[in-house]
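Here you get one chain, nothing else, as structure tokens; it is the form predicted alone.
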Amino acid sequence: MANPSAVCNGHLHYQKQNNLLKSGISKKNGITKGIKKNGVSNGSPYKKPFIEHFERTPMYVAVLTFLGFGVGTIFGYLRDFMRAWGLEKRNVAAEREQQKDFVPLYQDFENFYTRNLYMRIRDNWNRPICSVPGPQFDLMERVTDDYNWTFRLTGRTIKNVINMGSYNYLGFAETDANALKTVTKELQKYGTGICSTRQEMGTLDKHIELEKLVARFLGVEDAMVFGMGFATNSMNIPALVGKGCLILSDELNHASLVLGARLSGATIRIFKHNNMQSLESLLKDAIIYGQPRSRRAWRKIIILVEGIYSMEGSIVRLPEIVSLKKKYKAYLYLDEAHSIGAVGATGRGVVEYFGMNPDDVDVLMGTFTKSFGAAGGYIAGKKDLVDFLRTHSHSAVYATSMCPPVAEQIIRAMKCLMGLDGTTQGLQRVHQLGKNTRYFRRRLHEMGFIIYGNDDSPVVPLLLFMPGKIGAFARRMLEKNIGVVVVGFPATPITESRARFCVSAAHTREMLDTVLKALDELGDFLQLKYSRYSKSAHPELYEETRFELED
């Protein structure tokens, strides 16, 4: 049965059995309107159902969440007052006595939650592991004697913790000696470092081989690789746009995109997440009014989006965005950090997922830090674009080149995906990831949890809401030998604290069932099953119909 809690762009999907549905007409507030499937009217650009879930926070949960933050804030001010008068030990960094008349460097409100909330649950982050971050890992046990201000290692190792937090989508983070033979060979041949930039003495034959392989994998003319994924965005966007240009950025874009946009000096305008009406409105205004004051036409208009949004688990509405960028003669920059390798029939990302032509995207960006079990990133597209970046990219001019063993690891993984190693192992990994993702998401829905994102996204956010449950959830899961990532305000909206699971092809069904059993028990214990639209145990009783009601 289809999940009635699915939402596209903030509109809630419902399921009903009546004649209006069958005729394609719906009623809301007494007004009859045509149904929009998948958020697109008749003539949809989608070739298959595009279903995302963003169930709204129950009112009582939102009230209790704000109340929890309110109580925490009151006690935070009280403790700050006690620290100021010397009644409580001040553990955080503080200004020297000689600087008491300076503008505060540390003790300002920006660090309020760090001092008074984050420090209380800091033990749930930065946990040191001592093995490969595969489907399971070993964790170094640590304890605190001063409420998380400092930690000490006990010398004990927690073995075989199920890893539900790493971006090891295809399971290439591995230590199998046979799989890493070529990487070992390149390490012995080239060593570990380049000690130079790409424009000086840092371009090796392995880099050229990798760039040709990336271009072939993506189906584009050329590609360029970089040693750091974050810098691929932050150091290349300023080379593509500048003063007099307009950047239209999704409100949930990654920090690397945000930083690159700010460093460029271009004008930045934000559109609502995955909302085509908001994006088109900005495009219209940009074309009609041009630049502020002068009213001159913008030199360039570029749209920045991600393939899979790492905190929401949603997939970009690429067909609609491509249609808009063609209509308004804008450029499109697509960050496939989380989607390359993770979606698409052969792991070629959201372009393949939607059955689109890579030439429809002006700048294809991705990273090797997730699906390929390595490091670095790439930008691909037309040869003119890549040749321009070879000369003007800050990363190519100033940053150290990708080290050869890492380049070989990417080549090994990509050849496996393309079948160039003579096996079908790469395809099997892609298909297994899809099966694991759909199974894990379906079971969470059935249990009654509120989860966000697309049905095909291996990033699965599970909503915790209340600040007190963030630490309790992560600690309890670790007691059950399960490692998870938890996230709260200000990294998320104040009422949307969450646990973020990353599904991997390397996870076995037994591992996933172990995690699901623990979640089922913990969901009851912490009362986390907030969904009002959990699936029926008898789906055959209901009609498989999905639609959106317009505002």
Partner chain sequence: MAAAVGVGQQWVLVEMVQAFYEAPAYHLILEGILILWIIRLLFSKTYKLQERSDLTPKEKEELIEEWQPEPLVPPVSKDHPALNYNIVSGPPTHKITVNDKECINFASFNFLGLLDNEKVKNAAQASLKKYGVGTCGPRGFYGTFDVHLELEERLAKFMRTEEAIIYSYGFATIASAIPAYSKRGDIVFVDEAACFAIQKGLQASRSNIKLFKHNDMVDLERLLKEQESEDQKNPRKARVTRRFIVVEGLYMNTGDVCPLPELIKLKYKYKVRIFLEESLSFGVLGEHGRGITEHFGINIDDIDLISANMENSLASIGGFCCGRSFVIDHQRLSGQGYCFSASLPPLLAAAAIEALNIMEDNPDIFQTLQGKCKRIHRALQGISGLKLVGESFSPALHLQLEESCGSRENDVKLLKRVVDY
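Since the structure is predicted, the reported quantities are computational estimates derived from the model, not experimental observations. Numbering follows the first chain given and starts at 1.
We do not show the form predicted together with its partner chain, though everything after this point is about it.
Note on contacts: among Y439, Y328, F75, F112, the single residue with a heavy atom within 4.5 Å of its partner chain in the predicted bound form is Y328. For the residues K284, K435, R216, R269, the 4.5 Å heavy atom test against its partner chain in the predicted bound form is passed only by K284. Using a 4.5 Å cut-off to its partner chain in the predicted bound form, each of Y167, T192 and E200 places a heavy atom inside that distance. Interface residue remark: F102 is counted as part of the site for its partner chain in the predicted bound form, having a heavy atom within 4.5 Å. The closest non-hydrogen atom of G355 lies beyond 4.5 Å of its partner chain in the predicted bound form.
Residue contact check for S249: none of its heavy atoms lie within 4.5 Å of its partner chain in the predicted bound form. Mapping the unseen interface onto this chain, P319 falls outside it, with no heavy atom inside 4.5 Å of its partner chain in the predicted bound form. With the partner left out here, its partner chain still marks one of 67 to 75, 456 to 464, 82 to 90, 221 to 229 in the predicted bound form; by a 4.5 Å heavy atom cut-off that stretch is 221 to 229. Applying a 4.5 Å heavy atom cutoff to its partner chain in the predicted bound form picks out G483, V484, V485, V486, V487, R500 from 478 to 514, in order along the sequence.
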